[in-house]
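Listed next as structure tokens: two forms of one protein chain, kept apart as structure 1 and structure 2.
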Structure 1
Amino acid sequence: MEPAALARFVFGRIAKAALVVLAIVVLNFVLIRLAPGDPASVIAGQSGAADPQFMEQLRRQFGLDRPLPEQLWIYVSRIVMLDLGVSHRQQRAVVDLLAERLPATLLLTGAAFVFAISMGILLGTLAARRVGTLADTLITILALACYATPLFWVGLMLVLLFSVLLDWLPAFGMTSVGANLTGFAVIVDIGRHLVLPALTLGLFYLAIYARLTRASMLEVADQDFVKTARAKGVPEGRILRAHVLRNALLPVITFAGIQAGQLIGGSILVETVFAWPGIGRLAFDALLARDYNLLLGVFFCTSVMVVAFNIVTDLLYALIDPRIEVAS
């Protein structure tokens, strides 16, 4: 793609993403308004028993006594300024809480995603190449099993096996408490804590990507241009790499983009199981404390993450598929 076209493409995507984020903000507002009871109590994160004076203050702050469009305007302009309000339970700004937890979640989801997509493509390719053989059947069964297992349960079972029974890997947290490690040892420590959560989160998506890669490879292998390559005398190995795989990965990338949101959603479960100090764990705490404002902050933050990830996959796709200029 030409640099100018690329710039136009990126600009278009970002503009579109901004609209989506705006829509998410509006959705958040609608949720607050639709919630049963006083919207102020949703923001305050408590129902009924709150201090009336405090509630009155909140109402004024959010303009809850004004007409609806004005309320919406106040709400949107606050969020545009990255003011997601205060978690009254934790007595801290929601943005600060999210910023503090974000790196851990990014590490977890990133590791899980890389694991899932690389192993998924590898296993899917293997299954497609050996279609109908024992290897194919085993991979298919494995994928089916991963696909049918609840994430949080896999997490617990891995804890049971690798922490309780075998005592190989730590079961909870991101770092060893009170170990006072420095330098490289810290990285190793975090890495050891990361293995089980990333594996848990990744397995389900590994199954999806493996199945998708397999189906996509088989479909592409049937297409005319593969026959052309054979007629040219291209060796099978090169046909697989240069012709089949490259084309077959396009739908996998698209799907990975669509699935990003699921991956981040799944991290709530995994972080809950492994007490991983990320945004998901924050969401669980917010749930327990009925801290709805914080919960909506998590919802907003994860949505923005998905939007950002979608831009990246769109860009990746555009770089691989030359036809995208006309399609977009």
Structure 2
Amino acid sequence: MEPAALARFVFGRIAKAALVVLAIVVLNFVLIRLAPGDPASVIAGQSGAADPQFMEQLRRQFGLDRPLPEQLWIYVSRIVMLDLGVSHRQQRAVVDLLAERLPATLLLTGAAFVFAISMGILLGTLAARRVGTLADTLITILALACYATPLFWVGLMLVLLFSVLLDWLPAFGMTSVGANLTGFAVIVDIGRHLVLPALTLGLFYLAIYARLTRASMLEVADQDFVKTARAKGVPEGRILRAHVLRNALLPVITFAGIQAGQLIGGSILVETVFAWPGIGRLAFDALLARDYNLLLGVFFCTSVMVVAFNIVTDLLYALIDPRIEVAS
């Protein structure tokens, strides 16, 4: 792809992405405001002074007494300036709270995504090469089991096995409390805490990628260009890598690009089960406390990441299959 065409494509996608994010921001704001519950009542109840005068003061302080269109205009104006407001409950800037929790979520979802797509492609390739054999049957059963099992149940079972019975891995948190570790020991400690939640989150998507890779490879392997390459005497390993797998990866990458953003949503349940200090757990706490600004900030952050993942996915198409031309 020429640099000028690439620049036009990226600029066009960013412009469209900005409109999509703006529409999501407006929709999230309206839906959150229509949800039952009054944040002023929650804040007043936590402070132990739930009299009408104090609640009215809280509504004026946080702008909750203004008409909904005016609240929406103020919120969108602040979003344009990357001002996500202040958390009602924690009395801190939402940007600061997200900056503290986002690295933990990115670490968890990144590890789960790498595990799921690498193992999924590997198992799917193995199943496609051994179609109809015992290995294919076992991989298919494993994929169906991982897909059908609820995430919270998988997490709890992994905790019981590896933490309670075997005592190999820690069950909760991101670091060992009171360990006072330094240097490489900190990385090892975080890695040990990361194994179970990343495995729990990744198993579900591993099943999808394995099944999709298997089906796509079987479809590509039946194409005429693969038969021609085999008739010309091209080594089977090269046919698998350069002809079958490379073309079969396109639908896998399409699906992975879409679900990369969904991993953030799936992390809410996993972070709650494993007490992982990410934005998923932050969103759960904000929902219970009716902390609108914080909840909207989490939604905005995840929306931006989903759109960014989709743009990166489109760019990967041209790298995997040069026949695909990216239009501006």
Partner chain sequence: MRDFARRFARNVGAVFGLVLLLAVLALALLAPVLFPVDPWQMAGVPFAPPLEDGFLLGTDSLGRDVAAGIAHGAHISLLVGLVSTVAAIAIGVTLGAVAGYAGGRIDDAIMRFTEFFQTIPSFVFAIVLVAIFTPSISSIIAAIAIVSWPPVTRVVRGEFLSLRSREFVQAAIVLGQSTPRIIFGQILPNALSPIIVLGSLMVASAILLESALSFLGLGDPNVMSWGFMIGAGRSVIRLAWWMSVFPGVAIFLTVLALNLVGEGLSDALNPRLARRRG
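Throughout, residue numbering runs from 1 along the sequence of structure 1. We call the rigid core the largest set of C-alpha positions that still match within 1.5 Å between the two forms. Keep in mind it's a predicted model, so treat the numbers as computed, not measured.
Matching each structure to its source, the form predicted together with its partner chain turns out to be structure 1.
With the core held fixed between the two structures, Asn293 has its Cα displaced by at least 2 Å.
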